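Quick setup: one chain, the form predicted alone, written in structure tokens, and binding and motion questions come after.
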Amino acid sequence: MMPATPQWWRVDPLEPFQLGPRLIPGRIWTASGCFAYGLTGHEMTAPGFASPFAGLGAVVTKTVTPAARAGNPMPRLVETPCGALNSIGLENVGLDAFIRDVMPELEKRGVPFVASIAATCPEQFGEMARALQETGGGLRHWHGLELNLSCPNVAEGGHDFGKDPHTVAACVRAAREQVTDRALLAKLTPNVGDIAALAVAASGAGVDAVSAVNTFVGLEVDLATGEPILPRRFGGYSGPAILPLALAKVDEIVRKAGVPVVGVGGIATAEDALKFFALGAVAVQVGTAQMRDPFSAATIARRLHEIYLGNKRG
């Protein structure tokens, strides 16, 4: 069992850190799709917390596509003994509404955020990045752009879209040309044999960090019918069960690619987050745990801060 206060932890997760051209407010983020757009929950409180946003370095928004999407048919979420299988289908308000309604409200509320976007070709990523930059370039709390290259829930695009290093590089390059003063991240699929090759391609095209990993492709069967529970058969598997798998992918990237990594996958406790930091991650994202308890990321940030203070005094 990991010590409650590991002596090697000498980083304050609440302190800003440099990621590419941007000073990010902290190292504990929420993962895309797991805290909506960052506009809800501000009125919620818990013992010791004024809101679920306390101590967060960034909220990665729900992924936005060029046009609004209704998402996949119900059911969209299946809980399993060790995680969750989702097939949301990128339900979102679309780029125009995101720029018009969501970004100004996030700025007004002072929410540090990274905008997540998805498209079906490199040119679309460039067009979306340009639109965001033209309208949001003056926003103080917009810190970065995460390219969702790996969502397994959409037929066009989908997980096959992000498996090719050349395509990954083309998408990053298209966005980088349009956004130069925000941190640019590429969210990578774990459903490949060599994830480091994707990270190397993204790094060569100008990305500041990669987010690793997105969900694993999974399937659950309804024994009453003998059919898959999700209408699209497959979905994205997340939660505690993928923690060791995500750690292995992050370790591979850190050792082979030489690009900063934001770790994500199965994080539910401060100890889980520390494992990613031990492997060299510069920040982490809390996903499924945040959907179950909106104070998960805030709790992790506070606990790591306490460990840091204890080691500093020692």
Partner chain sequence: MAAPGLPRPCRCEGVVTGNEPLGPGLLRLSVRLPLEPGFVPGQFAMLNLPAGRAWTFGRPLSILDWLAGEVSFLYRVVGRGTGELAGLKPGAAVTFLGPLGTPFPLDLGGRKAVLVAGGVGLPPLFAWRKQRPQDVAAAYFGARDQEDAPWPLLDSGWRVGLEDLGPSARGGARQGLVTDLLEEDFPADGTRDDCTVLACGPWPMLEAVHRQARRRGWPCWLSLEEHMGCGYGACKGCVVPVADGPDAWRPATCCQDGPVFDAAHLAWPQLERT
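Given the structure is predicted, the values throughout are model-derived calculations rather than measurements. Residue numbers count along the first chain shown, from 1.
The form predicted together with the partner chain is left out here; the points below concern that form.
Peer 1: The partner chain isn't shown here, but in the model of the complex which of L77, A131, L139, L219 has a heavy atom within 4.5 Å of it?
Peer 2: None of the other options qualify; the answer is L77.
Peer 1: Could you spot which one of L247, V282, V259, C34 gets a heavy atom to within 4.5 Å of the partner chain in the model of the complex?
Peer 2: So the residue touching the partner chain in the model of the complex, by this definition, is C34.
Peer 1: If contact means a heavy atom within 4.5 Å, which one of 81-89, 220-228, 162-170, 176-184 is the stretch that engages the partner chain in the model of the complex?
Peer 2: Among the candidates, contact is made by 81-89.
Peer 1: Any chance R10 has a heavy atom within 4.5 Å of the partner chain in the model of the complex?
Peer 2: The answer is no: R10 has no heavy atom within 4.5 Å of the partner chain.
Peer 1: Find out whether any non-hydrogen atom of A278 is located within 4.5 angstroms of the partner chain in the model of the complex, and reply yes or no.
Peer 2: A278: no contact with the partner chain in the model of the complex.
Peer 1: Would you classify T61 as touching the partner chain in the model of the complex, given a 4.5 Å non-hydrogen atom cut-off?
Peer 2: Residue-level check for T61: no, no contact with the partner chain.
Peer 1: I'd like to check something about L19: if you look in the model of the complex, is any of its heavy atoms closer than or equal to 4.5 Å to a heavy atom of the partner chain?
Peer 2: Although the partner chain is absent here, L19 would stay clear of it in the model of the complex, with no heavy atoms inside 4.5 Å.
Peer 1: Is any part of 260-274 within 4.5 angstroms of the partner chain in the model of the complex by a non-hydrogen atom, and which residues would that be?
Peer 2: Not one residue comes within 4.5 Å of the partner.
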